[in-house]
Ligand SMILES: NC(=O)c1ccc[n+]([C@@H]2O[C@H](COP(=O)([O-])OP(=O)(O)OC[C@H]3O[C@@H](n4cnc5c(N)ncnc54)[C@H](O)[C@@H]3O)[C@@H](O)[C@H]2O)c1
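Taking the form predicted alone, here's one chain by itself in structure tokens.
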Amino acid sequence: MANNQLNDKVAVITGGASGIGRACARRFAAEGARVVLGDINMDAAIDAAAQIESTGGTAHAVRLDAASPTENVAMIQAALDKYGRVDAVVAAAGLSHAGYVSGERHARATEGLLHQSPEDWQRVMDVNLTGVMLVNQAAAQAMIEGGTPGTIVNIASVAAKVPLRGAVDYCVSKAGVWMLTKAFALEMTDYGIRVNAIGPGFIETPMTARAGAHAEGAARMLGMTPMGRLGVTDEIANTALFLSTDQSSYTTGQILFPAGGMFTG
């Protein structure tokens, strides 16, 4: 149920064309936010924005290669040009592996670190970690210059805490997002900007669909999840909403784990 918790706010969502990012964009718009969706898959981003507007929301799609410094700055500038401010950011753009394409099902290209190329390793770091840093930096600068201290929510993963076999690159990148969140949150207290993270477990998205389509992969994910089911994207969007409203006004530098009990430490 929508309660207009983000009425008149402007929210920027990276990876907004699919999965968790799309769910966050939909949820934030339902709460009254004007949403800017950034995604490398422009057709899907336009579709996501149109879906939001068809239900009475306000949304604008922008092409974003998360690893590009200039495109991150341009996305934030597009939000400022169109809506005049930036109040909330959700950094949801990410890769499960170097060959992943936004919104599509892809198996991992390699089996573990032993045979991974430096180029594939770097691609995951560029998107999952550097991409988060870039949007955090650009958004914070806009908030400070505009005098509109807001919130930043970084989508990490339970893999920031729980190692996953065959996914060293992904785990390291998400652990980096968690430390980035903590360190940047300390810096941003001087400006009234709150920075937090979310560590989802296995969520029903295109990123997990390929593994879940096979009995072995589905059993592995469920076996690691004490609650015995995969999460859904709306559960992550609800967590992002909490961290982006005054309900969490005394919370910064933290990570929440909607992960079905995978990590409780």
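Throughout, we count residues from 1 along the sequence that is shown. Values in this document were obtained by computation on a predicted structure and should not be read as measured data.
There is another form of this protein, the form predicted together with the ligand, and it is not shown here; the text below is about that form.
Student: Looking at 138, 127, 86, 188, which has any heavy atom no more than 4.5 Å from the ligand in the model of the complex?
Tutor: Of 138, 127, 86, 188, the residue with a heavy atom within 4.5 Å of the ligand in the model of the complex is 127.
Student: Would you mind picking the one in 40, 30, 61, 237 that has a heavy atom within 4.5 Å of the ligand in the model of the complex?
Tutor: The option sitting close enough to the partner is 40.
Student: I have 12, 76 and 151 flagged as a candidate spot, so tell me whether each of them has a non-hydrogen atom within 4.5 Å of the ligand in the model of the complex.
Tutor: Result no, not one residue of the spot touches the ligand.
Student: Flag residue 182 as yes or no: does it have a non-hydrogen atom within 4.5 angstroms of any non-hydrogen atom of the ligand in the model of the complex?
Tutor: The answer is no: residue 182 has no heavy atom within 4.5 Å of the ligand.
Student: Does the ligand get within 4.5 angstroms of any non-hydrogen atom of residue 161 in the model of the complex?
Tutor: Contact check for residue 161: no, nothing within 4.5 Å of the ligand in the model of the complex.
Student: Do residue 217 and the ligand come within 4.5 Å of each other in the model of the complex, heavy atoms counted?
Tutor: Residue 217: no contact with the ligand in the model of the complex.
Student: Going by a heavy atom distance of 4.5 Å, is residue 208 a contact of the ligand in the model of the complex?
Tutor: Contact with the ligand, yes.
Student: Which residues in 145-160 have a heavy atom within 4.5 Å of the ligand in the model of the complex?
Tutor: Counting only heavy atoms within 4.5 Å of the ligand in the model of the complex, the contacting residues of 145-160 are 155, 156, 157.
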